[in-house]
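Shown next as structure tokens: one chain only, the form predicted alone.
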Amino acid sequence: MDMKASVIGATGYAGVELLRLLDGHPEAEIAVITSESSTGEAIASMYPHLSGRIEKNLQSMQELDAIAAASDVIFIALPHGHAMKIGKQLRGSKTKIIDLGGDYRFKDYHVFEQWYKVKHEDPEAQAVYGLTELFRDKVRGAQLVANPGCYTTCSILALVPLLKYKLIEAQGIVIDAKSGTTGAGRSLKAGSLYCSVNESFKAYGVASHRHTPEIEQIYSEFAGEDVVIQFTPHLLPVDRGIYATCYAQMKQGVTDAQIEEAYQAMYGDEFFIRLRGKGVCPELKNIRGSNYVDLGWQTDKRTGRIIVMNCIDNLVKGAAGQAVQNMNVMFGIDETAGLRQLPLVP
């Protein structure tokens, strides 16, 4: 099976990571790559690490219908506000769509409008939330998949088993999360400059980050009640990685054995989720460049809380890798195809 895959917005960090993964995919072929700001340029001239492997020139997405006709799947790796226009135009097309942005992640489009301050142009869309391990059956039959954000993937996977099995209180959850600088995208921002990030560490988006309602939406679905969280992101002086430390109040009488059983029940057979177990603090260096999720936890009997530590590569499992994982599920092929790379160490 040779799937034709196109990438809209191929020059961003997530887009070029998609190219790297698709190039190594045994059943996918890169069809069209686009960039409105670099139309006509060779992608390998912008990213020399692709030289000799991906020698395509970047096209404009103006001929969107023609791109769709040449593609079995289109990945949209653009900032929020763009994918909904593309999705609306391609409604009814045979081409499957995987959006790496935020446009289709919310069941209620009013939540998107509230947090992203943009009017939703495709509110009738029937999108599936593509956190593969949790919604695999829905992804399998989907035409449009909303790829989760990087902070959300890491944070959601950390606590969903405990919410599902009623081992923690649904209220009072605190998530302290850190991201590498690629999470801010490739566009020039003063706060992402080397001199701003190097040898520094800061919080941002405090009490206002757009991933907050996305996490709450999935937590609430598995908890069976409305969940409101405290989410604070931070910027790490590293290229890649998301690290989420999540705090929750355990319900009376919950044991460590019950916690371990909950994680095993949901993730024990998952290829990409590596359960490190009680007392283990995962490290970013052990997931870098891979689609793996490393999860550890500890209970504090003094406070009655559980502390769950989870980490992923924000460009792989937090973006391009999860998108490829979803593609594999959508087309009924081996879910790990093109994604079995071990992490880069050192």
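In this text the structure is predicted, and so the values were computed from the model without any measurement. Numbering starts at 1 and follows the sequence shown.
The same protein also has a form predicted in complex with another copy of the chain, omitted here; what follows describes it.
Chemist: Okay, which stretch from 281-289, 65-73, 31-39, 317-325 lines another copy of the chain in the predicted complex, with non-hydrogen atoms inside 4.5 Å?
Modeler: Careful reading of the contacts points to 281-289.
Chemist: Please run the contact check for residue 198 against another copy of the chain in the predicted complex: heavy atoms, 4.5 angstroms, yes or no?
Modeler: Flag for residue 198 set to yes.
Chemist: Is residue 79 close enough to touch another copy of the chain in the predicted complex, meaning at least one heavy atom pair within 4.5 Å?
Modeler: Residue 79: no contact with another copy of the chain in the predicted complex.
Chemist: Might residue 13 be said to contact another copy of the chain in the predicted complex, defining contact as any heavy atom within 4.5 Å?
Modeler: Yes, residue 13 lies within 4.5 Å of another copy of the chain in the predicted complex.
Chemist: Answer with yes or no whether residue 216 is in contact with another copy of the chain in the predicted complex, where contact means some heavy atom within 4.5 Å.
Modeler: Output for residue 216 is yes: heavy atoms within 4.5 Å of another copy of the chain.
Chemist: Exactly one of 240, 96, 211, 105 has a non-hydrogen atom within 4.5 Å of another copy of the chain in the predicted complex; which residue is it?
Modeler: Selected option: 240.
Chemist: Of 202, 140, 91, 110, which residue is found within 4.5 angstroms of another copy of the chain in the predicted complex when only non-hydrogen atoms are counted?
Modeler: It is 202 that has a heavy atom within 4.5 Å of the partner.
Chemist: Using heavy atoms only and a 4.5 Å cut-off, decide whether all three of 17, 172 and 236 touch another copy of the chain in the predicted complex.
Modeler: Yes: 17, 172 and 236 each sit within 4.5 Å of another copy of the chain in the predicted complex.
Chemist: For the stretch 289-310, which residues lie within 4.5 Å of another copy of the chain in the predicted complex by non-hydrogen atom distance?
Modeler: Going through 289-310 in order - heavy atoms within 4.5 Å of another copy of the chain in the predicted complex - the hits are 289, 292, 298, 299, 300, 302, 303, 305, 307, 309.
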